[in-house]
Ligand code: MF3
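What follows is a single chain, given as structure tokens, in the form predicted on its own.
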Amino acid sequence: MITIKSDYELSLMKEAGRIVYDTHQYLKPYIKAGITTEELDKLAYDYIISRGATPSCLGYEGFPKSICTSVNEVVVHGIPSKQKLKNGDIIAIDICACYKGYHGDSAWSYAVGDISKEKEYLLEHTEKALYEGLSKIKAGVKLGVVSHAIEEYAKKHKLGVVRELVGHGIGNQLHEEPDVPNYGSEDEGVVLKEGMTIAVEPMLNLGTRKVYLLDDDWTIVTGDNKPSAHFEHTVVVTRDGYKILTGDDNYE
């Protein structure tokens, strides 16, 4: 069931989103060569707890850590470990926080030191694909318009669009209806209504769109081992557009 959030629910989601955004900002100075993804996870856990929230990912369907850290060819759900970041890596960090029973969810991809032009291109255009999709959101629009805009932007820039993984509704559950694909036709999907909250999250690959699951049953990597990027915001649908709940414009 797709829920329309009340003003009170949105106030809690706004605070959850603010904590997610602030956690990303807190981690940024630490994202450099030599740090382990496990150390980033501990920093994120401590920060989220200090803000009166809990990491939504920790224990979610058995996930063992507080954030997802997906390096280079890892698309999503990378498990923090003793892996050290190296100069030239890219890392997608997916952070979810629960505040008084409501969730915020945002992923962002970061350069570690100096990265290749190819990786710069991937990061630039995956982030732009996110905003291309967001720009279509407003009450009365079919969700397929958002999905189609992301796919068309990605295809124009010759990036592989992952189909096995999609965005989602969000609220007092981390994953709610509806699914938010990054592909599809404009006449598909539910009609967006004011007060719906969704997480839009393009996952684009430098090569093939094909992916596969590793033996840990979490980590998903590209089929050709080329890099992948992931950008995500939680937003609320408004009458005339949308409001990002996990961005710096959440401060008013």
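Because the structure is a prediction, the values reported are computed rather than measured. Sequential numbering from 1, following the sequence displayed.
Although it is not shown, the form predicted together with this ligand is what the next lines describe.
- Query: Is there any non-hydrogen atom of residue 68 lying within 4.5 Å of this ligand in the predicted complex?
  - Reply: Contact with this ligand, yes.
- Message: residue 44 versus this ligand, in the predicted complex: is there a non-hydrogen atom within 4.5 Å?
- Response: Outside the cut-off, so no.
- Query: Wondering, does residue 211 line up within 4.5 Å of this ligand in the predicted complex on heavy atoms?
  - Reply: So residue 211 does not count as contacting this ligand.
- Message: Test of understanding: in the predicted complex, would residue 125 fall inside 4.5 Å of this ligand by heavy atoms?
- Response: No - in the predicted complex, heavy atoms of residue 125 and this ligand never come within 4.5 Å of each other.
- Item | Position in contact with this ligand when the complex is considered in the predicted complex, options 119, 77, 136, 142, heavy atoms within 4.5 Å | Checking each option against this ligand in the predicted complex, the one that comes within 4.5 Å is 77.
- Message: Between 149, 115, 174, 161, only one gets a heavy atom within 4.5 angstroms of this ligand in the predicted complex; which residue is that?
- Response: Looking at the other structure, the residue within range turns out to be 174.
- Query: Which single stretch, out of 44 to 52, 29 to 37, 221 to 229, 58 to 66, brings residue heavy atoms within 4.5 Å of this ligand in the predicted complex?
  - Reply: Only one stretch qualifies here: 58 to 66.
- Task: For the heavy atom contacts within 4.5 Å of this ligand in the predicted complex, list the residues of 96 to 117 involved, in sequence order.
- Result: Contacts from 96 to 117: 96, 105.
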